[in-house]
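Only one chain is given next, in structure tokens, and it is the form predicted on its own.
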């Protein structure tokens, strides 16, 4: 059966035909295929085959570009390694660009001439999206968000009920009946967001941030209409769908009149809304946008929270989410937080901007088709965790939490995995504790 119809092929090639996309042409042409990027890639390190080298993925997209967009490729394709976009090429693109890349960007930082390999891979994904060749499980996650307002399809009633019992627990924990989880309140300083996996599977993450906000005396609210910070269309390459999801959160910040939108602990969600969102919508935001990591650091730095590192005595290490640290520039803040909140913080090697991907990014957690590969590349992170000797791994990203949780079981790491919000909440010294 023909996979690539003439119409689909035309749509895919249109992605490469944009003459204004100088960045794509520059980075495809700049790659000299030296292979130095190989050792930076978790896929190649876990499965050392030439097809998993990042430069191979660049060449796959470049060869199709040459075939249809250059004179030599059109008339002498075999001489310049130009490749036709046929069923075989399209299937290979799906396998390598979706199934063998987390878009972690580590290869970019290690490239001797600065080729933005992630950008080329995302262009390839954009082509596949135009041809309706997004992996089914990834698209189903996007469809859930488009249809229900969150990627877990949590009904509003269930969400509200979860928050109501979390509020009761919060009041008991802080010994204050006035402690609230504010819902749909207008004119607050902050509209806070969530990863839907929090109300579904990790409600204690919500409790932790609610405790933080209470202790900091923050003016904040959650929306029951649009709280989902994730945007898996960023991964699929369907930027029209990405724009729809972005616009919904933008509209909710405006509707509630919040001064700022604070992005929950989600690496790709933070990047998609904060940095890519204005490009999707073709406009700047009239409100401030920043991450909960930055907010937590500012609370401690400004004295709005009192924390006691003696409350957390276990050895703690940090996993940096790729989209937050390497692609977002946020890596000092989480270290400031941990040094203030725990007694024994140790770094992994390597860390920060050079941190090794856990294997859950790039949409991999949503694509069950590639579970075996995902767990294979995750062994590199598992070995790194073992070498750290840490008892607790902190990470400010729920995708990373999910992946590390599975690695914990599969590779018998025996660790506890916590968000930064949970770490800070455990270290807080409340006013009533001080008086006692």
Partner chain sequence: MLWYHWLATLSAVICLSSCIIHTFKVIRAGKPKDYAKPSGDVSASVRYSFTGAMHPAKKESAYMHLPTYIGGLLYHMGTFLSLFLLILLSLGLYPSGILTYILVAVFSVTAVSGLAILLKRISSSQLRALSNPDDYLSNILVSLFQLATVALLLSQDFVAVYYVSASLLLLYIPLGKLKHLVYFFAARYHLGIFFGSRNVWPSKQS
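Numbering follows the first chain given and starts at 1. As the structure is a prediction and not an experimental result, all values here were calculated from the model.
Omitted here: the form predicted together with the partner chain. The next part is about that form.
The candidate site formed by 135, 140 and 227 is entirely out of contact with the partner chain in the predicted complex, as no residue has a non-hydrogen atom within 4.5 angstroms of it. In the predicted complex, the partner chain lies within 4.5 Å of some heavy atom of residue 44.
In the predicted complex, the partner chain sits within 4.5 Å of a heavy atom belonging to residue 23.
At the 4.5 Å threshold, heavy atoms of residue 116 reach the partner chain in the predicted complex. Within 4.5 Å of any heavy atom of the partner chain in the predicted complex lies no heavy atom of residue 239. Stretch-level contact analysis of 250 to 258, 67 to 75, 147 to 155, 84 to 92 against the partner chain in the predicted complex, using heavy atoms and a 4.5 Å limit, identifies 67 to 75.
Proximity to the partner chain in the predicted complex, defined as a heavy atom within 4.5 Å, singles out one entry of 201, 336, 287, 290, which is 287. Between the options 298, 343, 162, 109, the residue in contact with the partner chain in the predicted complex by a heavy atom within 4.5 angstroms is 109.
Residues 325, 326, 327, 328, 329 are the members of 295 to 330 with a non-hydrogen atom no more than 4.5 angstroms from the partner chain in the predicted complex.
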